[in-house]
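Just one chain is shown here, as structure tokens, and it is the form predicted alone.
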Amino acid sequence: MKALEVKDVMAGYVDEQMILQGVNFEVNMGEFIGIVGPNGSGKTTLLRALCGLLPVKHGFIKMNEENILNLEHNELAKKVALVPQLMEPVSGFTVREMVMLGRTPYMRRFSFEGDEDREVVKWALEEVKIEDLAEIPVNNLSGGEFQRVAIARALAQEPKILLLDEPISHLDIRYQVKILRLLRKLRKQRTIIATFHDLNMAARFCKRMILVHKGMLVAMGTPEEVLTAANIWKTYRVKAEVQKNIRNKNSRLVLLP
């Protein structure tokens, strides 16, 4: 089933300067999609357009066949959630209170959380395995722990599509693997789209990948189809060799001198 359709999308921060230049792709329910590309290629801009934070100047974005431009902000927030790259802890908040912020789209103005909101937060904490941290101040957490809190807050929105901007960029290798294993598990109930700098990590965990450069889609497909020596040279201007892992058949890039 189609979860997302992006058609001829152009978007940017200044009317005269479009960052995204006619992007086209489709994503099915339950996929884990990795978006890769050089710095400034439009990865974060694309995520911001997908969740409605950046207006689409041309083309359209549909979720479950519905144009996101036709959705109220609260309704869109129930369909798609974004975990930004540089999310900061809110001083004075516990983990549970931070995750409860994800219930905002479901609350009326000046109202308090109800039993359903508390149940959803409890589920989100359990889903990312941080229920034992619920009453700890978020300022006391490690980077990997706080990243799980950020994901739990997004899950509390109960979205069908979860967007993550560089979810592993500031973590050590242990937490990188833990977070990506968690996301791979979460995709069983929803669609996951994340941006990456680490091409090998994206290839290891993502079902399909999107390679962007200068706001345009260069390639989309399986990691084997996207991470070719020719595509890497075209977008990064780096010579690389693609090797296959004999045990799990995953592609791995090796940079050449």
Partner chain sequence: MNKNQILIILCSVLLLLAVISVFLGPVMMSPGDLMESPIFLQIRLPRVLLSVLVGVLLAISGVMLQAILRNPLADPYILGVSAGAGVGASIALGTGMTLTLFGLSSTPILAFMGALLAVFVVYNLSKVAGRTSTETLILAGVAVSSFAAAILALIIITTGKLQSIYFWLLGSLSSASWSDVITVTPYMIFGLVIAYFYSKELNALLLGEDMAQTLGVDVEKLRILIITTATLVTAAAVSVSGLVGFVGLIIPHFVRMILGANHRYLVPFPPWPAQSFWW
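Numbering follows the first chain given and starts at 1. Predicted model only: the values in this text are computed from it and were never measured.
Heads up, the form predicted together with the partner chain isn't pictured, but that's what we're talking about next.
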Distance check, M107 to the partner chain in the predicted complex, heavy atom within 4.5 Å: yes
At the 4.5 Å heavy atom threshold, is Q147 in contact with the partner chain in the predicted complex? no
Quick one: is E116 in contact with the partner chain in the predicted complex, heavy atoms, 4.5 Å cut-off? no
Check whether M216 has any heavy atom within 4.5 Å of a heavy atom of the partner chain in the predicted complex, and answer yes or no. no
Does each of R48, A77 and L101 have at least one heavy atom within 4.5 Å of the partner chain in the predicted complex? yes
Listed residue (V121, V128, L82, L180) with a non-hydrogen atom within 4.5 angstroms of the partner chain in the predicted complex: L82
With a 4.5 Å heavy atom cut-off to the partner chain in the predicted complex, the contacting stretch among 149-157, 164-172, 128-136, 183-191 is 149-157
Pull the contact list for 88-106: residues with a heavy atom within 4.5 Å of the partner chain in the predicted complex, in sequence order. E88, V90, S91, G92, F93, E97, M98, L101, G102, T104, P105
